[in-house]
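We begin with a single chain expressed as structure tokens, specifically the form predicted alone.
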């Protein structure tokens, strides 16, 4: 195709999309605060100065453009400063998943070839165990909430606050190629070692701009606007805390970081700091609803975005009973992550909150700049009629372009030029996505497919069920059969026969077939979770 391109003026500036461009919040609301638990609080003017100080500390420590700086910390002001300072000097920020096993942490740090590590005291023992295995690491900066960090034999550059106090609060952040890699983190799959997912400055800026538009512009998605107070309940090491800290900083809203997650502490911060918007996976939200501080806390009007796995109708009803406004989004580590979000039309917003639950727990509609469709196993498009199902494949400007140092797996991810999510879904005429299951979690029995998510939703509606997980287990006759783990509500007792009887109503209505009712239902105290709080079906299948 012949298109017209006009030569720009010789002196025209080709403005690169770099993360430093997102630091506009201090212009709009400079008096708003960054709060770290009960440790420190400061305004946006100070945030910029501290970012400059950290950039000087990193440069003085020998970090150069292209080097990799790892962070091992809980959610904190330091992590937020690292989100900016590290990539703004041209280095790569490695978000270390501190909830992985020691061996897996060592693998990711070695694979990323980390050069400098920002290390919280809580993870010193892990770092000492791994030190001899990480020849690329030249030094460590201690992150401490105490006045006197514990002694260590690691090669430490110094303590974070002490180093910042001595550093200049001015730094001339350079321009460079917007396609330079800014961040790197590792996602765990069903087999093999964690895979490195990476994003460029351009991708993160575009994701931030689009995320701000999505979460703030529509009355049907009124999640994060200039007068909100933001507190994440998704770890900052996990997909940039869904990218929201970048959005919040660009808008200049008050931000609250809790440190290590404790549900009672989160609720106290919610009350004391006036939090209005948070996000987290369903298991974290369940912890919030069941903790001691719940009775003393009025949660009405709290806007909560969930994702990572589907919220059950029972959990959604618990949130409605507390007056919480629940929204759902969809994405994955490889998509940066935002792909779709629930959008309520005016007529839907007029319904009672309880009547909105079936709408609010769907995966929503694809957001701007996202091309999304569902395909069959041969790659053919599947009808968007709300009934037909297929794998979600997607394109947008901010999707990871592969896996770090694993070219073959990257090609598999991008088969036929579309990023393959591994999620089975339907899409209706209004573009609303309904996730049916992960491809690997669909239960194949007697030539039929059973959705584990659908069974979990139905079981969760039994009044005494707090949590549920359904997996497929081998069966000589049928190939696979469903197997359920259920956790009772506090003070309640569960009986597997009663749950099976509860499911019979859905068999009689034709909602599910009789062979979808699990023959084996085990009552347990808890269900295995991944490092980011999602149900770990890989472990469950192994245990079963």
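Positions refer to the first chain, counted from 1. Note that this is a predicted model, so its numbers are computed, not measured.
Beyond the structure shown, there is the form predicted in complex with a small molecule, which is absent from this document and is the topic of what follows.
Of the heavy atoms in residue 438, some are within 4.5 Å of the small molecule in the predicted complex. Among heavy atoms of residue 297, none comes within 4.5 Å of the small molecule in the predicted complex.
At least one heavy atom of residue 334 is located within 4.5 Å of the small molecule in the predicted complex.
In the predicted complex, none of the heavy atoms of residue 529 sits within 4.5 Å of a heavy atom of the small molecule.
Contact here is defined as any heavy atom lying within 4.5 Å of the small molecule in the predicted complex, and by that definition not a single one of 74, 232 and 260 is a contact residue. Of the candidates 309, 152, 317, 445, 309 is the one whose heavy atoms come within 4.5 Å of the small molecule in the predicted complex; the others do not.
A single residue from the set 329, 236, 399, 469 has any heavy atom within 4.5 angstroms of the small molecule in the predicted complex; that residue is 329. Look at 405-413, 419-427, 317-325, 345-353: in the predicted complex, residues with non-hydrogen atoms within 4.5 angstroms of the small molecule sit in 419-427.
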